[in-house]
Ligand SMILES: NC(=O)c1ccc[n+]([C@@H]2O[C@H](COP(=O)([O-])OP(=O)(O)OC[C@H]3O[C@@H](n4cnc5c(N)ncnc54)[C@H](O)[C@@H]3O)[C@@H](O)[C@H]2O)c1
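What follows is a single chain, given as structure tokens, in the form predicted alone.
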């Protein structure tokens, strides 16, 4: 069957990841268009990745008959409207994490795509990262017995995009940026069980001058099965990316470091051109990763989504997945604001962004 023709909305860091991922699975898809509100950004991105068409108005891209599926890499506050507009245009949607800002938006996105008969796919690359997939395969085969604790941590020095420091555009801080990965991962790893409660401790430890959001957090998820998910999220780790999991069962355990086992320990007094993610400099000791996109799972993710569009596979990460994460994000920020465990379901109305439940705990209390 023909390749799935993809349009990317956005032209910054994550858009580069998606374009690179699609190039790594050329038998399944190709990027045929990009849209970015800044003409120079759109044009340079298209040139860099060999994309034939560049638009400054995303609505023009949605009218492009060649585009079958769009990948949304724009700021969080735009996800819902872009998804709804894309659904109305008959395009399948891949939406980057987190799905949106509010649960109401999540429901509207799911409803719009359902009515239009298009797929809403939630871009959680940890479901496809080879090391983590192997750990889940072992767990599913019973290698660890009954799994009772899953830990995921992501820590680095802060987001690439300036907009993510602005809670009006992002909806929150490190938990919105990194914690959403851990929430999705623990839930998926354990077989997507019902979530019973959420407890989160948040703080702004380092970046008070840059953001009103949380830059460090620990989030605890209690599942109906009795298993626990423990998620560590931090923007306060200089020197590069740290992404790890730990899995504990009554008959075994495993650990996985997403990147370091695939890195080349490197020392350079002068530095080098290869960009080591989240490292401020390449002088001294650094750990450049080979096949970086593959280790993260981006090409495998986009291949799966392209095959879903062609009806060859059933989505393992869809709009409903994003909504589950969104509800836990709400509960996490409410828990941090109130200093107590939040029981699910938890769907407060009229909240514009999750971080409001932390900053104004009286609103969280009113929602209980």
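Numbering follows the first chain given and starts at 1. Note that the coordinates shown come from a computational prediction; the quantities given were computed from them, not determined experimentally.
Not on display, but discussed next: the form predicted in complex with the named molecule.
> Going by heavy atoms within 4.5 Å, which of 328-336, 23-31, 36-44, 314-322 lines up against the named molecule in the predicted bound form?
Result of the contact check: 36-44.
> Within 4.5 Å, heavy atoms only: does residue 73 come near the named molecule in the predicted bound form?
Answer yes; at least one heavy atom of residue 73 falls within 4.5 Å of the named molecule in the predicted bound form.
> Quick check on residue 215: any heavy atom within 4.5 Å of the named molecule in the predicted bound form?
Taking the distances in the predicted bound form, the answer for residue 215 is no, it never comes within 4.5 Å of the named molecule.
> Find out whether any non-hydrogen atom of residue 179 is located within 4.5 angstroms of the named molecule in the predicted bound form, and reply yes or no.
No, no contact at 4.5 Å.
> So in the predicted bound form, does any heavy atom of residue 163 sit within 4.5 Å of the named molecule?
Yes, residue 163 lies within 4.5 Å of the named molecule in the predicted bound form.
> May I ask whether 173, 205 and 232 all come within 4.5 angstroms of the named molecule in the predicted bound form, judged by heavy atoms?
Contact check failed for every one of 173, 205 and 232.
> Quick one: of 78, 244, 89, 143, which gets a non-hydrogen atom within 4.5 angstroms of the named molecule in the predicted bound form?
When the named molecule is considered in the predicted bound form, the option within 4.5 Å is 78.
> Note that the named molecule is not shown here; using its position in the predicted bound form, name the residues of 291-305 with a heavy atom within 4.5 Å of it, in sequence order.
The one in contact is 298.
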